[in-house]
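Just the one chain here, laid out as structure tokens, in the form predicted alone.
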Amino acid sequence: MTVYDIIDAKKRGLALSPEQIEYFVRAVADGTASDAQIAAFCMAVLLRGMTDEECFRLTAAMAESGEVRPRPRITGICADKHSTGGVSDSTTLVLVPVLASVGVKCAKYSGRGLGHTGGTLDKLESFPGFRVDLSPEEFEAQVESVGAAIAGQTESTVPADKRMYAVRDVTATVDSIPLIASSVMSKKLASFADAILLDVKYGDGAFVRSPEEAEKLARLMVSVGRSAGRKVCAAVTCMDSPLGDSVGCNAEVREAIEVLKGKKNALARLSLFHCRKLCALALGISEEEAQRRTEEAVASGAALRKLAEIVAAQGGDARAVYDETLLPLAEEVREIRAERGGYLHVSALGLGKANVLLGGGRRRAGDAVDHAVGILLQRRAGEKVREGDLLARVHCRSGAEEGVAAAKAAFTVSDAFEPRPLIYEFIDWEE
């Protein structure tokens, strides 16, 4: 068996055996397979596809290519949530404290932003002093004592995926559904969460543009999770326009705190939908009871207090949960106004790219992030506006003309607007 033989078999549309898949993943992880061979394999998968069984075997082999964290001695069910990426998507900052305050332990591994999508770890570092580099022992202890921890995975976690993704990123194979599914789920299987909710995005600001393709991806990932013995469910949600009313680290953290105080908007709606579904899955209760418990956690202030507890436990300044001046916004403000009347369209992709140009995101891994820049929406997509209406405020640094121009271009007005559903489909783990 050689890497060449495996590529040739997939090129001809043959289903790979578990042994072939395990051999290839080992070759990726130990450097035996060249970047050219990884690129050829990924393109063959993109063009020829994979069966659900092949995808599961690929996911399992990738999960086992590095450090696999055993289930720690934590009482109760551990839950996790993963989004395939979006703009102004701060659901984790709402979901984790809500679930932890109702008795669902959250063992959450998150990532940093790259390109137009925001990263949960970057947003958490808006809290001065917040640590995301917890050791496995620190992570486990905090989940047990506080009920939740949010941290980054180590470099030794799923090394085969890291190498394959780097090649996919430059060979136009990122959008392969089996490769997306195996990349996402390998990281989930390498951790120890018992119940997992996947938020699979579709639309303008997502990797998958159509809801039908997003549903196909979601069902494949649920199938992989089931094959691995995990309780996995998935929501297919829209990312045509930003989910929340703010884009940028400090601005999004401020908004998540407002949702925990009771603010109602699309971010709150989706966050509490996820809370209800994951609470019911983890605790084995009805959705009606799960909804009652999660809504009470917000109304009573318990969820907000839990956020402050999580921040303090990870070395952050918990005063920022109650004092937004500790989450400052850049002082220079530019206004974006409607140039004509009609129905407003707001591009999630456009605003995500604008935030990167302002300094609030990364063009390359390792770039610094300016937490204080951001875009505050004053009107939402689908609203009818008049010429001159204020659409957004851009908080920026001097010399930010390129980013401001990009933000302005993300707002357009037309004579019609056809919204697509925020929640297109939900796939239960037992389906």
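Keep in mind it's a predicted model, so treat the numbers as computed, not measured. When you see a residue number, it is the position in the sequence shown, counting from 1.
Keep in mind the form predicted together with a small molecule is missing from the figure; the text below concerns it.
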- Task: Look at the stretches 161-169, 89-97, 334-342, 118-126 and give the one with heavy atoms within 4.5 Å of the small molecule in the predicted complex.
- Result: 161-169
- Note on the structure: Only hit among Ala235, Ile180, Leu220, Leu307 for heavy atom within 4.5 Å of the small molecule in the predicted complex is Ile180
- Position in contact with the small molecule when the complex is considered in the predicted complex, options Arg293, Lys353, His274, Lys187, heavy atoms within 4.5 Å: Lys187
- Message: My question is simply whether Ser110 lines the interface with the small molecule in the predicted complex - judged by any non-hydrogen atom within 4.5 Å.
- Response: no
- Query: Does any heavy atom of Asn250 come within 4.5 Å of a heavy atom of the small molecule in the predicted complex?
  - Reply: no
- Query: in the predicted complex, does Gln142 have a heavy atom within 4.5 Å of the small molecule?
  - Reply: no
- Contact between Ser246 and the small molecule in the predicted complex at 4.5 Å, heavy atoms? no
